[in-house]
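Before any questions on binding or motion, here is one chain by itself as structure tokens, the form predicted on its own.
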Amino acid sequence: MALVTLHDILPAARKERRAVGAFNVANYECALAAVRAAEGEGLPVIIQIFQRLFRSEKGRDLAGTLIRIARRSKQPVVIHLDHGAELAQVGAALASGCTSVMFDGSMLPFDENAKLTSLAAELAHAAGATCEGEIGHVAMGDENAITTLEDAVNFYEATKVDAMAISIGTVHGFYKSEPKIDIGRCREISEALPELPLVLHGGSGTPIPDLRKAVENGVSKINIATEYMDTFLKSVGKQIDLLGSKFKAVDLFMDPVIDECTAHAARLLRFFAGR
């Protein structure tokens, strides 16, 4: 199955009312854990590289590692640029072998967002990849801008993206208070665009009942970044405490960390798939 695009996995997920987990990674261990989880569950997975890493050699180097892992996987794996901030990053991700990209113009005026996202989609499609866009704005330490039905429909018509991130009350990072998720708005957009896979950013810590309702109403990709990376960091801390003043080779030190991240990713993949 190996390396695929969003188009290869999300339309079927949408039709079957399930979602695919999309995990942000910044190292080999987290990537390997997510792919092992997918193989163990017999499910596809999306591995994401945050746009910041493409501001240096980190993104290109990591993409090469991820592609190698994906190509030997027994399950479908998408390598995806998360929150591309400029077309140059989209081009760099595609040149590095990513099979999917996101252009995030959600802070721009509608017309500019649609124009740049459309160009990103053209670049992706020319490379045989897929493109995600965002309309409305999912807070990243700022304020949410809930997606309107009119904007969602017009944005899709203008861009023809393969998946569309919408804002329905989730936020990036851990919640500071209980979120209010607008499932009604998700349902309206889903009914207006019945074939388009919707994307939920800010999946970390979102109440499980809300996630399930979102999946039942068109969300086919759920992003997990903070929660997954937090699992990695806490697991590393645990292993350091256990090691104390002793020495252990780094690859052996990381094995239980990989196992813990694998278990965490597997739980999420199962839930998103409705198991």
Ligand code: 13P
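Position 1 is the first residue in the sequence shown; the rest follow in order. The model shown is predicted, which means the values in this text are computed figures rather than measured ones.
Keep in mind the form predicted together with this ligand is missing from the figure; the text below concerns it.
In the model of the complex, Thr130 stays away from this ligand, with no heavy atom inside 4.5 Å. Taking the partner from the other structure, this ligand in the model of the complex has no heavy atom within 4.5 Å of any heavy atom of Arg185.
In the model of the complex, this ligand sits beyond 4.5 Å of every heavy atom of Gln51. In the model of the complex, this ligand stays beyond 4.5 Å of every heavy atom belonging to His137.
Checking Ala225, Val35, Ala214, Ala63 against this ligand in the model of the complex, a heavy atom within 4.5 Å turns up for just one residue: Ala225. Here is the short version: of Ser204, Thr99, Ser167, Gln89, the single residue with a heavy atom within 4.5 Å of this ligand in the model of the complex is Ser204. Partner proximity in the model of the complex, defined as non-hydrogen atoms within 4.5 angstroms of this ligand, places exactly one of 122 to 130, 154 to 162, 67 to 75, 81 to 89 at the interface: 81 to 89.
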